[in-house]
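Two forms of the same protein chain are encoded below as structure tokens; each is given separately, as structure 1 and structure 2.
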Structure 1
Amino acid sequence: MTPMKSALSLPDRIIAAFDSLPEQLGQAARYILDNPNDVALLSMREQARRAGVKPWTMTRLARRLGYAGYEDIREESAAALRRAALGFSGRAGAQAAREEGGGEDGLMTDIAQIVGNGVTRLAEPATMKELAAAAALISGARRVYCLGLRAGYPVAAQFAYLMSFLDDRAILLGRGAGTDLDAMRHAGAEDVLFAISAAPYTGATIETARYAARRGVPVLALTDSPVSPLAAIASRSVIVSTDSPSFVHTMTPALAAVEILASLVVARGGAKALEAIAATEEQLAQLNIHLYAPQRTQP
């Protein structure tokens, strides 16, 4: 029996089916979703090895998603790469260089190229659409509770800091002592929880997001996959790459994303936002918090 054709794209099929997939199929599905360039460029056996599953798992997944076989998935992925210049060639080249081995210089080049590609992918149309929607959500919120723990903390802190130039809406959670998550008890439907987490996900972030969602608080996620546990809770998600040859994943694209997001919020605020920034800068200068180069006096 020939599988029925579906109008859904491969990523949409995976997202729709993900919660119902058995563990091994889910592991393979996430690999495909997070590594579209590998799907198009590598053999099925190599993809299975990198996903940590058996080759036949890839075939079973293809049929579960409505394809005749895994080759159909590879062909669809290759066609998507041809249709859109997604910038994967630089990343593929960096992977090849790393596999050949280039010493310290090669490692530094690999990290810079792959992390840079992650930042560049923020300019893809789908990501820009989500960033614009996230900015609209934040601009209309009474309070923005910013939560990122462990590797996500600097990202949340950067966003809260940038927002502080505008007003006092941004509340940074997770600063220590285990009590500042209590601020969420005051959150309601007029607020937003902006939660940041990437694999391996921090349990407290996921649990706080679930708590917020149960209370009717909109959850905005900044995460690494549309099938991450945080994305499953959120009403909106911005997906960023965390790929890196380093021993840890990178949060650099996430930092770039929140800087873009803050800029969009300022743009939406117009003249009022610019006035607020100017007033903040003047106060910081008066308090000697921001030091500027002294003016040279005439002899």
Structure 2
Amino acid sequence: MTPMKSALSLPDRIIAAFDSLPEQLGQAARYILDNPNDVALLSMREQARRAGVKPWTMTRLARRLGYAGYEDIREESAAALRRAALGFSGRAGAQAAREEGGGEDGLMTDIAQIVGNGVTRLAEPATMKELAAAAALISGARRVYCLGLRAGYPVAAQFAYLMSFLDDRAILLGRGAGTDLDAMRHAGAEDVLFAISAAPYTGATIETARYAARRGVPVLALTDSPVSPLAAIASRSVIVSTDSPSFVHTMTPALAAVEILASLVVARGGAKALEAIAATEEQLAQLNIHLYAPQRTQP
């Protein structure tokens, strides 16, 4: 049977050891972390191929993590997969999958399904815990600098927009011509840098986060992996999935995450926060910004 020296699961072991892994082993570890399902479903050599690594590296990684060999990892992973697929009637899933087959409809269905899943997964305990911690951090901050470049920009923008209903603490970076560092000149330990980036990580985002961290500004990360360069810098990290059959990684779960985050901040703000929102909406109505006044259906 499996040695089971400790109760640590494969991803936990990888995360724990990740920082001390050299390049090749790290690349292999990263792949496993990002594609946990493939571990039992693909041959080791195939995984090595996809991870861009030699087959032996996988065996060596397994050894380093405390297993006898990669086969042990595959067995543990298979057991986990079995458990995960328990409630699932093989028929329905397989049929659905096959019918969705190919063509435009297939692509659309695949994206909707997988991305939708990424959103739903935000309800996982570990993620919820981090979201709650993030909300606490933001709620207590004097100012919240929101930084997202390229694909992360829409997410940062949406968060800053949502926060603007409450007060003027949120500041959106990344709009000007590289003036972000200027804007952060007055940032301190009472503020927060909310940085958003997923693979392939935008260099400027990482650098800015690093700069902030060095200056003692708490960094809150929204990223795609517990071992992303952003997570390494941040004091807290919310991890979301960016998996998608599309030609780029999806930012949809990340957007959902910031919407949740904003809601949590509001919830923590209590009656006062709700008042602020009402006031903002009133104001917008008077400015004739909106065609129809917002109608609350579910408070």
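Everything quoted here is computed from the prediction, not taken from an experiment. Only the largest set of C-alpha atoms that superpose within 1.5 Å between the two forms is called the rigid core. Please note that residue numbering is based on structure 1, beginning with 1 at the start of its sequence.
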Identity of the form predicted on its own, given as 1 or 2: 1
I want to check Arg49: does it shift between structures 1 and 2 by 2 Å or more at the Cα, with the core superposed? yes
Quick check: Glu124 between structures 1 and 2 - does its CA shift reach 2 Å or more after fitting the rigid core? no
When only the core is superposed, Glu75 shows a C-alpha shift between structures 1 and 2 in angstrom of 3.3
